[in-house]
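This document opens with one chain alone, in structure tokens, the form predicted on its own.
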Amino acid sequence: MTSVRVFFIGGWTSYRALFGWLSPWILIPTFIIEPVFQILFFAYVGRDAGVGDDSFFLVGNAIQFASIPCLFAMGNTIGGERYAQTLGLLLVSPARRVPLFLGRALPVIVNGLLCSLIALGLGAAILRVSIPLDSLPLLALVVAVSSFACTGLGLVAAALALRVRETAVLSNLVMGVLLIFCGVNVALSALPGWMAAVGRVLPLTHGIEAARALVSGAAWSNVRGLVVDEAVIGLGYLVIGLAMLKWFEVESRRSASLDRA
């Protein structure tokens, strides 16, 4: 029961602490306006260049924007604790580490899901892209799995907050890598072989491919394997992130480096 409370209540409290001092309206430019303008930018560039169609850029950029909360929020859950000098208190608590850190990931996954779905809906309305109604539940599932996978990568960045002063720059770099390597605006088939290979082991790549197929009218049986691959990749990064957190915690205790970068 204690682990359940740590997972749900602790995770929600930590997430609220990220934005508790802000007006909710401040989040609108980051989570709604910026994604829509990025979708429009690449869609019109694609039109002018005669590459792809509006649906291609809509789906790719809408799902890629799940990386904003999934990377930055996860990194700041640890970095913020360190900045506020409460990280030591957190780590000396008897709470089990898995529910402690995974509980912080759950609100982030929901945030990434909502961010992507809102961008997808608004972008589709502005660009007049038709999305089959019967594909909407499956599309939401694909976005949720993609947000989970990206949050796993965010947990790896969060682990590095035990070693570096802040993770904002790192999160920006990782978000740029996802934008380029995951087939967001350039199909994997058009990328050099090594870039496509890297993209295949990153979050979002398989989710974007599955979502594009669903929007084009594909059946679930045609994209199920892609969704499973996305979930497995996310689980892999989640395990790596937890292992890094454990390792850096032990090393920080040994070298007394918890409160210095």
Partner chain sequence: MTAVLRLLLVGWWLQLKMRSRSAFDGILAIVYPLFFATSVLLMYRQGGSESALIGAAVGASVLGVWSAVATTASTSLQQERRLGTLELLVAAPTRFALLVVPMTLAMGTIGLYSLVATLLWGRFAFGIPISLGHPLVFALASVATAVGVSLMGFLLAVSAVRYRGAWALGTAFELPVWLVCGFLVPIAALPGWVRPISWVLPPTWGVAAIRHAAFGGSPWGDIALCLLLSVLYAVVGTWLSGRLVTSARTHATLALT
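Positions refer to the first chain, counted from 1. All figures in this text were calculated on a predicted structure; none of them were measured in a lab.
Quick note: we don't show the form predicted together with the partner chain, though the next part is all about it.
Asks: Using heavy atoms only and a 4.5 Å cut-off, determine which of Ile118, Ala140, Val110, Leu191 is in contact with the partner chain in the predicted complex.
Replies: None of the other options qualify; the answer is Leu191.
Asks: Only one of Leu106, Ala168, Leu136, Leu114 comes within 4.5 Å of the partner chain in the predicted complex by heavy atoms, so just point that one out.
Replies: Going through each option in turn, the one that passes is Ala168.
Asks: Whether Thr30, Val45 and Val51 jointly form a contact site for the partner chain in the predicted complex is the question; each needs a heavy atom within 4.5 Å.
Replies: Per the other structure, all of Thr30, Val45 and Val51 touch the partner chain.
Asks: Just one stretch in 199 to 207, 212 to 220, 37 to 45, 226 to 234 has heavy atoms within 4.5 Å of the partner chain in the predicted complex, so which one is it?
Replies: In short, 37 to 45.
Asks: Do Val186 and the partner chain share at least one heavy atom pair within 4.5 Å in the predicted complex?
Replies: Result yes; Val186 sits at the interface with the partner chain in the predicted complex.
Asks: Even though the partner chain is not shown here, does Ala144 get within 4.5 Å of it in the predicted complex, heavy atoms only?
Replies: Close contact is absent here: in the predicted complex, Ala144 is far from the partner chain, nothing within 4.5 Å, heavy atoms only.
Asks: Mark Leu179 yes when one of its heavy atoms lies within 4.5 Å of a heavy atom of the partner chain in the predicted complex, and no otherwise.
Replies: Heavy-atom contact with the partner chain at 4.5 Å: present for Leu179.
Asks: Can you tell me whether Met175 touches the partner chain? I mean in the predicted complex, with a 4.5 angstroms heavy atom cut-off.
Replies: Taking the distances in the predicted complex, the answer for Met175 is yes, it comes within 4.5 Å of the partner chain.
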